[in-house]
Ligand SMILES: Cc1ncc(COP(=O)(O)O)c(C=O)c1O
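The form predicted alone is given below as one chain in structure tokens.
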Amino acid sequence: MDNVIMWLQIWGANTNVGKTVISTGIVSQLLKRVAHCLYLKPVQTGYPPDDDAAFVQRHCKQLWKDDDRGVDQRLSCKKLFVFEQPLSAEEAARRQGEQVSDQQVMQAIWKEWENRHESAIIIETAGGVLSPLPSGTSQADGYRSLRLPVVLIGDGALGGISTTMTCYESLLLRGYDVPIIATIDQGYPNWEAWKRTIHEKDTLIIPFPPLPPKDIPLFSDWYLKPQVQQAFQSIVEHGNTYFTKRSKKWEEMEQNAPKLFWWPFTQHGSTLHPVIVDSAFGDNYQVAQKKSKGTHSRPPFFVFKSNEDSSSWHLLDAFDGVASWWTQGVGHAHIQLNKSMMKAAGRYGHVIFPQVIHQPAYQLSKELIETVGYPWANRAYYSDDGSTAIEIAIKMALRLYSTRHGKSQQQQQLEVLSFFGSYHGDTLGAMDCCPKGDYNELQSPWFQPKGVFIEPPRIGMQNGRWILDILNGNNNWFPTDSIANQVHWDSWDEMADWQRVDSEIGNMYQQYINKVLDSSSTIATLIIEPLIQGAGGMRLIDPCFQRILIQEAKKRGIPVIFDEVFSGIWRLGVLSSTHLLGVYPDIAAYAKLLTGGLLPMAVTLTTEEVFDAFKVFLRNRANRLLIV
């Protein structure tokens, strides 16, 4: 047998389908191949009459009674949280007056596991796939961070075809692998229907013969039947094949992916060390890393032994520190998002959008206008990513400016007003709204900055106080002895107070801004990242400066674009930065947190005035459509 340690989680399509019976046979078969096996029952109800850990220990000891190696030192069977009532774990815990969180259950599992990395491990769930943990969270969700390969015990009774397929699909929806489905024959060949329905060629579906009557305390003879022995051997061998293929796939990806991928924001001329993400859940990735002999990962981790050399693959948690480019607002693989996506995909697929209404788009648009875009926005225009949303916003703003000022876009070179350090995307139009920098300077001759760029005053934290950082970039317009060089605030609210607009600093800001606006007759839109520049270095901008800048631009009829692709939809603790700034744009772009990172989508919110600017010549197709 290949040198692969095995971990499996036993799930049932219902209660009383034989999870513990099958667990016992798998454990007994594993003891022929490994030095130690750990069986865990994280949640046991109906105790002490029901004691699954004792059942496994007792029957394995009976099966191994004639073997010199025995099982006492080679098998550990443990139950972690025990409740007396034979009810769901949630109800049993409630009646027992105990509160057990999902985190406590997971910590208890890891505590048993941390010193057993060289053991085969079988974890048996309680009840059905969606039965609750003591907290009320379904087991399928509560155990998801483990993402152990599943042995699903199908329901062999009448009606078991449906219950088993429902559980199977519930596990797949949550990202589990289900390489094995086993069932105990109860007179209905349900497994034949499963074979016709499940198309994954690597899924083993295997039936066991009927069990002896329940009044027989030990039925070791059933385990010794050749058909039963062969079935358990098939399960273990198939599990071993699954683990071997999994580690070999990582090996293949590590070797070949650098030859296939053109990664964004990656210096391919340097030595690459690709990160293999096997799965993701919550705030973490599950990362596969190859380790040489003698090196170890921090626990918790799984070890996959390699056949070719002395190295091994470790599967361990890694914190997603940048939330996958700031998209994962509610964590990876969020079940409510997954359910919504599956419902929409099952109901619609992709539907062409011009002059089409469907419920998800209608509901989302209504909620965006009533929340993120309240009280200024009236229209929602959808696209596929933040950069495209900005391209759309620019087209909208330039048209609005031309309409307001009675000028033709084709007859003049229009510019934007923006900040040094800004980033609005990687498409050409979005890049042209930014000064020369790391993200665009190598795109010449296509990259042609079309703007007036200024260095905004920043806000920083020093010794527990907010300070004004004016000693940066091109800011030389504050006198050396100005109050701006000494000012500080004890709280965010004090620093962001609207009264600062009329302060000495506010007056200086206004003078400078008007000087900039007076210097160019071609500034046709103001585009800013409200309050914080993301890719530009996580720099906080003085809200007082942005308020005055927006006010002065609006006085001159210059449309204002908020690029909230990074900062919008609760990134800053509010739905929109308008709630903090207290001023409103004409157009705003949102993406990233819009879908919780589940799929690429963006929206550009705008006013009715902007919408009306495209209705001037309805007979002209170019005016009928905002072509993107």
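Throughout, we count residues from 1 along the sequence that is shown. All values reported here derive from a predicted model rather than from experimental measurement.
FYI, the form predicted together with this ligand isn't displayed, but the following is about it.
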| property | result |
| --- | --- |
| Region of this chain that lies against this ligand in the model of the complex, out of 458-466, 385-393, 330-338, 84-92 [heavy atom, 4.5 Å] | 385-393 |
| Listed residue (Tyr423, Phe232, Trp194, Tyr176) with a non-hydrogen atom within 4.5 angstroms of this ligand in the model of the complex | Tyr423 |
| In the model of the complex, the residue from Trp326, Tyr401, Phe281, Tyr242 that sits within 4.5 Å of this ligand by heavy atoms | Trp326 |
| Contact of Lys592 with this ligand in the model of the complex (heavy atom, 4.5 Å) | yes |
| Val565 within 4.5 Å of this ligand in the model of the complex, heavy atoms | yes |
| Interface membership of Asp542, this ligand in the model of the complex, 4.5 Å heavy atom rule | no |
| Residues within stretch 514-550 having a non-hydrogen atom within 4.5 Å of this ligand in the model of the complex | Glu529 |
